[in-house]
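Only one chain is included here, represented as structure tokens and corresponding to the form predicted on its own.
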């Protein structure tokens, strides 16, 4: 629920990718995917972390959290589906677009979740897919 710091990880990833000369399309997709993953952690988890690994060929973003987990991943991937509480929606978040937006930005996406334990979202954005 740390909305004050929400977006910091995405901004750091974006800044780093620009500094290392990644193409604009890769930077944009990585920043969006990281922000969406970060917001999911802020909204749903008790704690979490985001790590990015950058090579000349790709960006890998891994968001891991300790939280409620995702009961039905395929349902959570549907646009508009949200488990965010009403007070979060009143703040303008929790519209159910986080995971679908991540999927749109990713060349590869893997979601592992255990109910009552937490979730890990692994996102790969390839330099060769920069035109997406």
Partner chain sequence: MTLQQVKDILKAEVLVGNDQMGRVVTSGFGCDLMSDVLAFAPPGALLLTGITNAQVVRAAQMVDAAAVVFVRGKRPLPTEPVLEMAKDIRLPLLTTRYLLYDSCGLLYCAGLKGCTEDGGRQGAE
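Positions refer to the first chain, counted from 1. Small disclaimer: the values here were computed from a predicted structure and weren't measured.
The next section is about a form of this same protein that is not shown, the form predicted in complex with the partner chain.
- Residue 101 belongs to the set of residues with a heavy atom inside 4.5 Å of the partner chain in the model of the complex.
- In the model of the complex, the partner chain stays beyond 4.5 Å of every heavy atom belonging to residue 66.
- Though the partner is left out of this view, residue 14 does reach within 4.5 Å of the partner chain in the model of the complex, counting heavy atoms only.
- For residue 73, no non-hydrogen atom is located within 4.5 Å of the partner chain in the model of the complex, even though that partner is not displayed.
- Residues of 68 to 94 that come within 4.5 Å of the partner chain in the model of the complex, judged by any heavy atom, are 90, 91, 92, 93 in sequence order.
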